[in-house]
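One chain comes next, on its own, written as structure tokens: the form predicted alone.
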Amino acid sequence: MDQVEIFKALSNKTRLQILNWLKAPAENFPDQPNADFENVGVCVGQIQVKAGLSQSTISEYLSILQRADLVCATRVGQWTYYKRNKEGLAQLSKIINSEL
């Protein structure tokens, strides 16, 4: 896990909001008919609507968060779902507590 990439990913307000929303998806997004929040995550389309940004911008933001191991993606048919990567966030916490 590259520390610089992690902190670059966290240096954007919308990306931070996305991580915050994904912390409690049932509170931040409407129900999804084809996937549950806990096991699969939130559809990228719902994240895009909530953020109010273009689909391409949200896809880029989610890709940055995924490369930093802060979120993970699951593909279901033609849809991509994202949720927080608990292991990556635990590693971030370890970095902050022990190395900084």
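These numbers come from a predicted model, not from an experiment. Residue indices: 1-based, along the sequence shown.
The discussion below concerns the form predicted in complex with the DNA, not included here.
When contacts are judged by a 4.5 Å heavy atom cut-off, Q91 does not count as touching the DNA in the model of the complex. Taking the partner from elsewhere, T57 is found to have a heavy atom lying within 4.5 Å of the DNA in the model of the complex. When contacts are judged by a 4.5 Å heavy atom cut-off, P30 does not count as touching the DNA in the model of the complex.
Remark: C72 does not count among the residues lining the DNA in the model of the complex, judged by a heavy atom distance of 4.5 Å or less. Along 4 to 18, these residues reach a heavy atom to within 4.5 Å of the DNA in the model of the complex: K8, S11, N12, R15.
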